[in-house]
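Encoded as structure tokens, the following chain is the form predicted on its own, with no partner shown.
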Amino acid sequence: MQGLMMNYPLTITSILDHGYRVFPKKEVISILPDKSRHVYTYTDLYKRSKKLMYALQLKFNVQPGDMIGTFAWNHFQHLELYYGIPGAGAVCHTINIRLSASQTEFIVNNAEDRIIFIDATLVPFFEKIAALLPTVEAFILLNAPKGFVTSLPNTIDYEDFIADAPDNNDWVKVDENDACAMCYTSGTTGLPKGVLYSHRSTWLHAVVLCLPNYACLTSQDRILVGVPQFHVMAWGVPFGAVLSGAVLILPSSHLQPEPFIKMIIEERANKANGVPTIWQGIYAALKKMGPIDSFPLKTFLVGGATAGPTMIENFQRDFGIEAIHAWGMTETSPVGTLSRLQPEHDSLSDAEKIKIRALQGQEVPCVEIRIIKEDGTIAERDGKTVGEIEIKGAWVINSYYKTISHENFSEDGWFKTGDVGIINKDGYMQITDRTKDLIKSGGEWISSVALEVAIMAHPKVKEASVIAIPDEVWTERPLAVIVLKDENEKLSMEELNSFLLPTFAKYQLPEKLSFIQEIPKTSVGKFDKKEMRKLYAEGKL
């Protein structure tokens, strides 16, 4: 027997409809690529998204299921694309601006994008590959100054594109299980793979972000979105913010510490999100600035890579800012776990609380996680038994776009994340490594992630990454690649290993150190171990 409830599809446009009806005066603030400030309301967002929808239908006959690419920074026009493209029944394909030309060419052709919306500052990148993209019919320019000249074919100014379109047409009717957006993986272990999100999955993910025990987005918040809009839909925050009525602050390309801090102060941002590398830079800049009266930022969501206890403790101790550690992947929309303290932790010491907050955290609603041991059995939640993390849930992938291979899935349908970790008795997960990044030395496993976190706690170290290097006796040994806070400082192997020895066995300590000015990173700010292995093979580390 089915329940006697209305069929109310969970669609992206219903999020914007709600924001328009309930929070029509809430603001979207953008700091554009030219550093100018743009402010408008949810009402403007709603009407302009409808104009965009109609323009796509009228001028390009966009049909449900068509792929529409975006190659843009974080700003109000990109937010309109988030809503207006799915509003036309099409798929908003956010293209990572930090991938190589060959990867971008592959992604656009694999997706078969019909139109690409592109920021004027990013046009030179696409001019090099435009002739290799046969499905692209036009490039629509965002934030192009008057007299802007480009060799891109079939270009239209965005404001001209939507200018004469009505703002009161109905959204295209879609099923909640229809596709609304797509992101590609960063391709660090091969060609990028498409992850196709549904309206329903995106809607549910946004709702859970708003819950108090998770990202806790509310109408009292002013949220600075430090995650690029091309990276897993900015972690879903642009959808959750509109549902909850929060003010959105979009920093465009200005993600360096000084302008980021300036935006926090001037726009009174009390919440933000971003990867650890952004927050490390912000912490260093804040320390140099000295005391700031009434610094508005109180909480930030950090993920994409491990945020160690040192960083979490530093922000809390020095500035009273709470770092909320989260974990996820492009394949999980992305949030799978989030680490918050619970009432039973109230009696713990500050040091013990930091240890818990540095874990990747507990499953969020609509998601289940398990650890699979080497023998294929499910591990106990004992905080000790290590295995590969598998996940299933309402916003977890069940297949890659245009791919029939099921090698990334278990026989019973769980997604194999490639992350290795443990879960404790309270359900807190800890990532100990990636399967491909584990170091096997003399038959024993060494966690590169655990070493990285510990090394970055050393007072002389700014950043550190660990990779396996070949060894004739032990098969593999750890190499620590280090960026020092002060390039005039020196850090010996003996000093570092003395620092690490209370936590690690001798066989786990780094065999060699390599000092560089900057650690290579992927397009989403993670340490690029594939590139580091290449540099080592070339004798550059």
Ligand code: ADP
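Between two forms, the rigid core is the largest collection of C-alphas that superpose within 1.5 Å. Since the structure is predicted, the reported quantities are computational estimates derived from the model, not experimental observations. One-based numbering along the sequence shown.
As for the form predicted in complex with the named molecule, it is not shown, yet the points below apply to it.
Considering the named molecule in the predicted complex, the lone stretch of 103-111, 120-128, 324-332, 266-274 in range is 324-332 [heavy atom distance within 4.5 Å]. In the predicted complex, Lys355 stays away from the named molecule, with no heavy atom inside 4.5 Å. Of the heavy atoms in Phe148, none are within 4.5 Å of the named molecule in the predicted complex. When contacts are judged by a 4.5 Å heavy atom cut-off, Ala305 counts as touching the named molecule in the predicted complex.
In the predicted complex, the named molecule sits beyond 4.5 Å of every heavy atom of Arg381.
This chain lacks the partner; the member of His199, Lys193, His231, His75 within 4.5 angstroms of the named molecule in the predicted complex by a non-hydrogen atom is His231. This chain is displayed alone, yet in the predicted complex one of Ser448, Ser339, Thr417, Thr94 has a heavy atom within 4.5 Å of the named molecule; that residue is Thr417. Contacts to the named molecule in the predicted complex (heavy atom within 4.5 Å) from stretch 340-376: Gln360 only. Taking 2 Å as the criterion, Asp437 counts as shifted between this form and the one not shown: its C-alpha moves by at least this amount when the rigid core is aligned. The pair Ile97 and Asp437 approaches in the predicted complex: their C-alpha atoms are at least 3 Å nearer to each other than in the form depicted.
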